[in-house]
Each structure stands twice: as structure tokens, then as C-alpha cells.
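Just the one chain here, laid out as C-alpha cells, in the form predicted alone.
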């Protein structure tokens, strides 16, 4: 388990990472033994035919508090991926409420950041997913939009990445900054370059 050449396993052992394995937690809720007294599975909502994400938020909040202020200076919450909650039957409003409370805890109180992965496409007919995606785009300061090439498959260019830096809400005249890069996925990394500057062209 590695991210940008950093071992997430080592980070977890050092107390710098708290990881919730969603598939295992779902399995424990549906087929596992009963939880010990005082313990609640963060994905308990899966077995309750509801969409209350309070237990998952409490997992996030207590994980940040338990490790002390020194360990979690400017923490980052990674949610990979939020669209799965909709697939599990969670209502869009509850997904957005969960993100709102996480933003208050992580961004406002601890001065950290939240990174969320969602999926979308221009021809999507999933109205609930598009509602969540559009709401998150409206709330975000920075949007990374990865997509395939409009011209189709290419051996040397696998897609393009749009980076949208939102203008300040206080300065209404300030426009959003848009940058577009193309990329190629390799064995252990990803190469980014300006449009028309791939190795095949040069």
C-alpha cells in the first residue's frame, strides 16, 4: 500500500494514518460477530436499512481527537470513494450532510483539508450522483477532473486532467483559474505534460 512513494502501512504504524477498510467493515456488519459493548461499526447503517452516517462521522471525529493535537496538525481526510455510499442506498442529502460535518471538524476546527473522489460523466443518467457531484464542485476550492481523450484511445496519452482553482468568494471579480494537462499512466507513476507535448509528438 503506497501513495506517492510513501508507505501507508508505515504511516499507520507510526500513528500518522487512520484507515477505515470499507469492504471489511461491511462484511463485519452483515456477517461478523456482534460488536463489543461501547464499540460501533462506522458502517452500521448498512444493516439498518437507513442512511444515517452519524456513526461514520463519529469515527472520523474520534480518530482525529484520539491521536492528540501534535500528530494531527493540518490533517487530511481522504474519502475514496463517496459514490459508493449512494450505491449502498444512502440518500444524497445524508451524504452531503456527512461531508458538511467533516468540513466543520477537519477544515474549520483543525485547519485541515478534505479530498473526495466521486465519479461523473456528461451522459450520466444517475440524478442522485450528479446532485452530489455538482454540490461538491460548488463547495470545493480545488477541483481535479480526470477524463479520457475526446479523440479516443491513444497509446502515448491516456487522458487529460483539468485543474480548476476556484476564485475567492470574497472577491467576486476574481475568476476561476483553469489549467489542463495530459497524462500517461505507467507502471509505478503517472507522467503529466502540457497538451500536445507528449513524447510521441516531440
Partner chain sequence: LLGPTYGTGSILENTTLEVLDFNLLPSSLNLEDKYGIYSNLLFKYFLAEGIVCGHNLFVASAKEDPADILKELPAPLSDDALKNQVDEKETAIKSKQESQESMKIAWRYQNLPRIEVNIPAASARFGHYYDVSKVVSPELLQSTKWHRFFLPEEMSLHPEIKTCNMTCGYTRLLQSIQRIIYQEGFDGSYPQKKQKNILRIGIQSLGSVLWGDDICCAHNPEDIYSLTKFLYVLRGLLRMSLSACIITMPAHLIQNKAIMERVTNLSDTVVGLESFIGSERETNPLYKDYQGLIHVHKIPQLNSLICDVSGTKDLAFRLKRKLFTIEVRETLRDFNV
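What you are looking at is a predicted structure, and each value in this text was computed from that prediction instead of being measured. Numbering follows the first chain given and starts at 1.
One more form of this protein should be noted, the form predicted in complex with the partner chain, which is absent from this view; the next part is about it.
The partner chain is not shown here, and in the model of the complex it never comes within 4.5 Å of any heavy atom of residue 104.
Using a 4.5 angstroms limit between non-hydrogen atoms, residue 179 is distant from the partner chain in the model of the complex. The partner chain in the model of the complex comes within 4.5 Å of no heavy atom belonging to residue 133. Using a 4.5 angstroms threshold between heavy atoms, residue 148 counts as touching the partner chain in the model of the complex. Judged against the partner chain in the model of the complex with a 4.5 angstroms heavy atom cut-off, the residues 14, 65 and 137 are out of contact without exception. Site annotation in the model of the complex: the residue of 158, 166, 162, 54 reaching within 4.5 Å of the partner chain with a heavy atom is 158. The partner is not shown here, but in the model of the complex the stretch 179 to 197 reaches within 4.5 angstroms of the partner chain through a heavy atom at 183, 185, 186, 187.
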